[in-house]
Structures are given as structure tokens and as C-alpha cells.
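Given as C-alpha cells, the chain that follows is alone and in the form predicted alone.
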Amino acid sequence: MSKIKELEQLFTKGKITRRDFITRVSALGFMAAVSPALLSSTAKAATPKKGGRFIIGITGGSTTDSMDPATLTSNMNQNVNWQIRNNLVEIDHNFNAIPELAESWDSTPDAKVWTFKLRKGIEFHNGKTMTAEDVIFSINHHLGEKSKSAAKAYLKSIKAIKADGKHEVIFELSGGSADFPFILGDYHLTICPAGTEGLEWEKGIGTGGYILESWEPGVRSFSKRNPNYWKEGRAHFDEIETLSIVDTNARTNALKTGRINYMDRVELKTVHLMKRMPGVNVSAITGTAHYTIPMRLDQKPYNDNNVRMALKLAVNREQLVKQMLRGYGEPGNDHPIAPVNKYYAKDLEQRKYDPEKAKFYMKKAGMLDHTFNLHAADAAFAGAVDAAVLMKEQAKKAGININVVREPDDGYWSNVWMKKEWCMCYWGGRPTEDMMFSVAYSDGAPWNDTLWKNDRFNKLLISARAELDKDKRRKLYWEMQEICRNDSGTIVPMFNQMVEASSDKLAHGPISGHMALDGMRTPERWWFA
């Protein structure tokens, strides 16, 4: 009967469909034991209803946030961006690329030329009809010489973008890209009106399900349903209020008292108590999310791989997963590819905590007397400071000295990340290996936060991107993961489940593990039951 209870939980949380639930229970021979009320109530909840104000309490907001898609760095402006804008392509909960503003696409056999046919009659919030001109402008916005967009790394292979009439866009690439539609589903690459610049970005004009009414960076945003939204069965709320609430206890209390309806990053130390709260649902979704601890390789002594290897070996990953994640995750292996990714190197040896070997490498580097400053704030992720302190204690057994520097939460992503020599970091991950490596590990990538450069890795990245044979592609990505594990300046100690909480008055379909907050699409995909 425990299996039935497990299936009931999956069903009521929207992780499996009604048909899947009935099929699985019937196969077990226990259909008669299922309450008819469960089937009828859940079927009712699965029918979206319009109305209400959906209030989100979210981490990561900063007063330096902008609604310029090229500058999106925080959970807050990423979520608001998808409230008000759409991409050509959407990534669904099964990590598939499905049509959004593009109704279809195809490519030449070598995947060098991609043609996207646009939906007709789509209007921006200002009444302008979307055409190929807007798409070309929006993509080129990330490609300019002065652009610092993280998406620029994905788009480097574009040689030309041209329109064929008002409703067809053709991308010509310098090399084959089997994952190109996935790239156009990246949250930076939302489509905006041609000519948008300067303060016009902050108005948030898009084609999305909600219209931005007010925007206070790092504090609050407020949007209302777009009455002319083109998607059927989406954007059910009348209003969306998004609040930046960095403190976990404050978010928890806000949910408990009904001030908010949804919160990200549940405090794992007390998640068992939250599960007992009346009126609260807790979800734990496995995806591509992971914690990293990047070192800047342009600063000594991190340019020495002996130092990097010593610090990687000085981390007790199992202890971090147990104490910091409370078991809601698994150890990382110093590369960013998640077990849910298609080409995850499952046979790559798992790095273990080895103080003696760590000491050997640090002694080889001549740095046993050095004190390493590790910059941390809970803005990086909930419990980041505690994790840094725990790492400090773990490293002591290897004779390695770590000084934890506590940084302010506000402005962490603009003042600490990619600025300080060693710091705590968090990544939502990417749906494909090429995207994850391209944005954070390739030479010259805007978010290569360690400034790592490995010639073999970069050659493999180009080869794998163009390779259409899945078996050959797998071998290339497996080698890249091994190179990253052994040479890069990034410690990847843990892959975390996304543990979030919401009011039980909310309903939804299957939840995505692509990014936090149901792939950042809670405002569009959820509703009040």
C-alpha cells in the first residue's frame, strides 16, 4: 500500500497525469483501494480557473536589477521577465524544446541554417504587432560589441540573421548546432519591440501573459493579466506581485501568515516543520540546479592547479549534502552537468573527501601557510554562509586555512560574484550540456566566473555542438566533464533539489526541474483552485 501512497502524492502534486495514475494503480491491482474523491477533486483542480492575486516571495533580488534581458542575473528579474515576455522557443517540464512565439522550425542537414516560422497576429503590450524585425533586433541586442549578455556565448556561432517576409527568420551559423532551438529558449532571449533602448527596457514591453505596472528593482514588481494574451490555457491570475525577500525566515513567515502564496528556497533545517503546516504544500524537484565555489584563475594562487585540486579534495561533499541539504540533493563532481542531463558522465569517478591528498597538493604548491578568503552571503543560496563555515572546518584536517568573509546580501551578485577571488555561487543549470558549458566554462564567456581556459575543452565544445551522432556526442561531452573536473577553477560540491513551498489553494500541472519556480513559469502555469 505504500506504493499507492507514493503514487497518490505524485498525482496530487501534478507530477503524473490522471491517466498515468489510473494506469499505474491498475497495474498494481489496487484500483479498488483508491478513493473516488481523490480522482474527482484532483480532476477538478486540474481545470485552470481565472482570478486572484498571486504573490511570490523570492530570493536574489538586487537594487541593481534591470529589465534589460541582457542583464538578467537574479531570480527576481528572471521571473518577472517571463511574466511579461516570451521566447521563440519554450523549454517544457520534460526538457523538450517546444514552440512559443515560433510556431515551427527546421534546419539544413548539417544544422548550420535554421528557419523559424513565427506566429501571426501576436501583439506587444503597446499594441505593436510582432514581426521578424522584432526577433532580429532582440537577438542582435545580445550580440553587440559592447554587450555583456551571458547569452552572447550561446550566439557566437551566428553569422547572419535575416528575415524572409514578416513571419520567417533565418539563422545562418558558422558551424552546426544540434541544440540551437534550446538556445532560443534561454531566459535572456525574450522578444522585445525593435528599437527598445535605455530606460525603455524598464517598461517591460513584451508579448507575455502579464503587463508590467510597476517595477522597483530588488524590492517589488506588480503586473496585471494581459487581456489580449495569445496563449490559450495560460496566465490565469488577475495580478502578480513579486517581492524580493532575501531572509528565509521572513519568507517562511510570510507564507505561513498568508502574506505570500509561494516561496523559493525553503530552509532545509526546518523543512520537516513546514511540511506539517496547515495550508502549505512543499515540493522537492530534481533538476539541473547546483552550487559552485568559483576561484578566479587570474589571481594567485588559484592559477596553480595544485591549489585548485587541493581545495577540491578538501571538501566533504557527503557531509555538505547531509547537513546543508538535509538529503535533498547529491554530491557534485566538480563539473556542472546534472544527472538529469542527456549526456551526463555517469561512469566518471566521484571525487571523495581526502584530507591527506589535499594536503599533498597544497604542500606541492607551497601554500600550506596561506589563508584563503572565501566570500559568502546567503544571497548566493540559502545557507551559503553556514556551508562556507563547514568547509572551513573540513579543510582544517588537511592543514588548509580558510577565512570566511561574510558579505552583505544586497548587491552580492554585482559586488562579489566575478569580483572577489573565491566566493559562493549558485546555478540553476541549463537544459543542454552545450548551453551550460558555453555560458560558464568556455573561453571568453561573459559568465565564465573563474576565467578558466583549456584549449582541449574549447575544441571539444565546438565539435560536440555540431555532432549529430548521439553516441559520438556523448563521448565528447564525457571527456569535457572529466577535463572540467580535473582542471577548472570551479568546485561543484552539490546538486540540490529545488525545495519550494506554496499555499494549498494553488493548483498546477507537472512541475519543471529546468529552473526554480516551475522553470520560472509559475505565474503563467499555475492558478488558484
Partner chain sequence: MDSVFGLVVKRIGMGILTLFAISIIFFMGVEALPGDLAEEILGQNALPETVAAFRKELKLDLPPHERYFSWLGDLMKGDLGKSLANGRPVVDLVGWRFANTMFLAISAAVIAVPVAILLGIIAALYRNSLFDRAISIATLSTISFPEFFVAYILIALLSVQLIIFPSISNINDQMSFWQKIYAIVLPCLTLTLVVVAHMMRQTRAAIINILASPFIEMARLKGIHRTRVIVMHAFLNALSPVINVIALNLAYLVVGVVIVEVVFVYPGLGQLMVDSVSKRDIPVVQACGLIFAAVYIGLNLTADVLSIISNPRLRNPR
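Positions refer to the first chain, counted from 1. As the structure is a prediction and not an experimental result, all values here were calculated from the model. Heads up, when I say rigid core I mean the largest set of C-alphas that superpose within 1.5 Å between the two forms.
In what follows, reference is made to the form predicted together with its partner chain, a form of this protein that is not presented.
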query	finding
Listed residue (403, 126, 249, 94) with a non-hydrogen atom within 4.5 angstroms of its partner chain in the model of the complex	249
Listed residue (373, 414, 303, 131) with a non-hydrogen atom within 4.5 angstroms of its partner chain in the model of the complex	414
Among 63-71, 478-486, 500-508, 465-473, the region lying within 4.5 Å of its partner chain in the model of the complex by heavy atom distance	63-71
4.5 Å heavy atom contact with its partner chain in the model of the complex for all of 145, 152 and 259	yes
4.5 Å heavy atom contact, residue 446 to its partner chain in the model of the complex	yes
Exercise: residue 118 in contact with its partner chain in the model of the complex, heavy atom 4.5 Å	no
4.5 angstroms heavy atom contact with its partner chain in the model of the complex for residue 244	yes
4.5 Å heavy atom contact, residue 426 to its partner chain in the model of the complex	yes
Any residue of 199-229 that, in the model of the complex, places a heavy atom within 4.5 Å of its partner chain	199, 202, 215, 216, 217, 219, 220, 222
Threshold 2 Å Cα movement between this form and the one not shown at residue 290, rigid core reference	yes
Threshold 2 Å Cα movement between this form and the one not shown for residue 259, core superposed	no
